[in-house]
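This document opens with one chain alone, in C-alpha cells, the form predicted alone.
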Amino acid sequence: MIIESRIPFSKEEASRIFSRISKGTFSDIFLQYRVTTTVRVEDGILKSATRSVSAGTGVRVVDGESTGYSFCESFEPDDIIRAAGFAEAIAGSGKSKTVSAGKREILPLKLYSQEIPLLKTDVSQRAELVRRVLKAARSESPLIDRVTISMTDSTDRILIFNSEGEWGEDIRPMVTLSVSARASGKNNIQFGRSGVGMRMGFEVFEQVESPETIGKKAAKQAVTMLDARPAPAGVMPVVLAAGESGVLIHESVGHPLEADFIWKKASAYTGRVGEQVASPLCTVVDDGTIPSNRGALGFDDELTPAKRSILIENGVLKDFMNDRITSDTLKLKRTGNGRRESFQYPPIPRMRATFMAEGETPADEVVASVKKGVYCVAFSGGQVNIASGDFVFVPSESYLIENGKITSPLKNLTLIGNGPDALNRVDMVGNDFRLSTGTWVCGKGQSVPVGIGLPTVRISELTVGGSANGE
C-alpha cells in the first residue's frame, strides 16, 4: 500500500506547482493518505468491519488576511495545479514572495510509536479485542442488557510543502475504542460510557488500558447511576475530579484562547495579556509534545514544530494558541496549533492537549474541605459562549459531597457559570494531575482529536442546576 512507502509526489512537482502561483504572499500544499479500519458491535453481535482509504491534496494561498483554499482527491500534479488555480483566484492580488520548494526538511518530533502496527494487524485480532470488551461489560452485572462498542484505528501519512522552501512528512497513528453500556432497573434506565484513544499501535490495550477494564468501567458507571438521586440546586462548592473533568477547561477556557477568536475580538480574553484572569493557583497549558497523546503532533499541519505553551501562568494571561495566519497578523510567536481535519480543510488554530497544571494540595483534602457540594467525575456535554465565557455543562457521573465525604450518585445535574469567573473562584488545586486517555474529539467546523487533563480542583462557588431541594 502507498501508506507503507511514500506518497507519490516529489519536491520537483511541488516547485512546479508553486511556480504557477503568482498571487499571494504564502502558499502551501498538504498531501494526505489515510487508511481507516472500523469494527462495530451492537446488541452483542459483530455488526460490521470496514476498511476505507481517503487520499487527496489541499492547496492554500494566503495574501495577508485573505486565504484561498481548494482541494482535489488526487496526487496528480495537473489536478493539484487546477486546485491551486481556484485557491489563487480566491486569495487576492498580491505577488508571491517565494516560489521554491523542498530546500529545508522539517523533521517531526518522535511522539508516537507502533510496537504492534495498525496496518499489520488483521480484522480477526480487532474482533477479538471488542469481544473481550463485550464479555467484561456483561460480566459486571446482570443489570447490563445492552452494550455497543466501536473501535476505529487510522494511519495517516502527511506530506507538506510550502512556498518558503520548507517540507516535511509524518506518519500519525490513532486508535480509538468507545463503549456504551445500558443498565436497566425497575422503571429506570441508565447508561455508562468508557473508552481509550491514543496515538499508538495496538499495544495501547497492553500498556494503557485493557479491553476488560474499558468494558467494566462503562458497565459500572451505568449500574451506579441506577441509584442516583436528584441533584440539589443552588450555588455551592464544586469539586472536579482529576482527568476527564478537564473537558471544562478545554471548553470554557481553551476555546476562548484560540487566536482566531482573539483576532476577531470575539473572546472574553481579547486584549488581556498580562492581566490577572484567574486564581493564582491556576496554570493552564496547551502541549503538543506529550508522547502518544491524542493531541500529540510531530509538527502541526503547517510544518510548525510542536511545543508546550503556557497560556495562563499563576492566574496571569500569557499567550494564545495560534496558526501561521493569526501569529503573523497579531505579531505573536508561532505555537504549532495550526490543525485541520483532513486535506479537505484549511488549518485553523486548534487545541492539542489542554489542561490545568498540578497544585500542591492532596486530593482527599480538597474533598474533605467541602461540607456540602458536588463532585463531578465525567461529562456528557456542554455549551460555551466564546465571547462572554458563559457555559452550561452536563456531568454524566457526579456525586454529592456531605461533610467532606463523597456519598450519593446524582442525576439531572448541570453546572452553570462563566469560564473566567470560575477560574477566579478556584481555591484548591490537587497534587494528583492526570491526563485523560479517553476518546476526545473537538469540533470547530472540523473535527480533530485532542487531549485533556486536570488535577482535583475545587471551585468555591458555582451554580448547580437540579431539583429545588435535592429530594
Partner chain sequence: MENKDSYREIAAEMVQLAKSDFEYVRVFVSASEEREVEVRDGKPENSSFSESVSMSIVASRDGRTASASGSDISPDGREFLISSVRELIQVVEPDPWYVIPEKEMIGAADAKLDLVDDAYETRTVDQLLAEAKDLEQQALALDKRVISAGAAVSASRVAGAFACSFDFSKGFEGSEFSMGISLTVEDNVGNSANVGRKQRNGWSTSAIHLEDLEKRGDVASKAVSRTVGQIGSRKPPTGEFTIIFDSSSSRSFFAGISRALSGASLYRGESFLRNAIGDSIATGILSIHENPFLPRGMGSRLFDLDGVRSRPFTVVDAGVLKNYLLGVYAANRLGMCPNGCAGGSSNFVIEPGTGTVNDLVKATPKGILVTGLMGQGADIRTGDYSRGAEGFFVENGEICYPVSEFTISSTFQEMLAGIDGIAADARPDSSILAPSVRFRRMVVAGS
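Computed from a prediction, not measured in an experiment: that's the story for all the values here. Positions refer to the first chain, counted from 1.
Another form, the form predicted in complex with the partner chain, is not on view; read the next lines as being about it.
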item	value
Partner-facing stretch of 361-369, 209-217, 151-159, 126-134, counted where any non-hydrogen atom is within 4.5 angstroms of the partner chain in the predicted bound form	126-134
Proximity of R40 to the partner chain in the predicted bound form, heavy atoms at 4.5 Å	yes
Contact flag, K405 vs the partner chain in the predicted bound form, heavy atom cut 4.5 Å	no
Any non-hydrogen atom of V235 within 4.5 angstroms of the partner chain in the predicted bound form	yes
The partner chain contact in the predicted bound form: Y69, any heavy atom under 4.5 Å	yes
Residue (of C282, A268, M200, I144) lying close to the partner chain in the predicted bound form, criterion heavy atoms within 4.5 Å	A268
The partner chain in the predicted bound form reached by all of R51, S388 and I416, non-hydrogen atom within 4.5 Å	yes
In the predicted bound form: members of 303-326 within 4.5 Å of the partner chain, any heavy atom	none
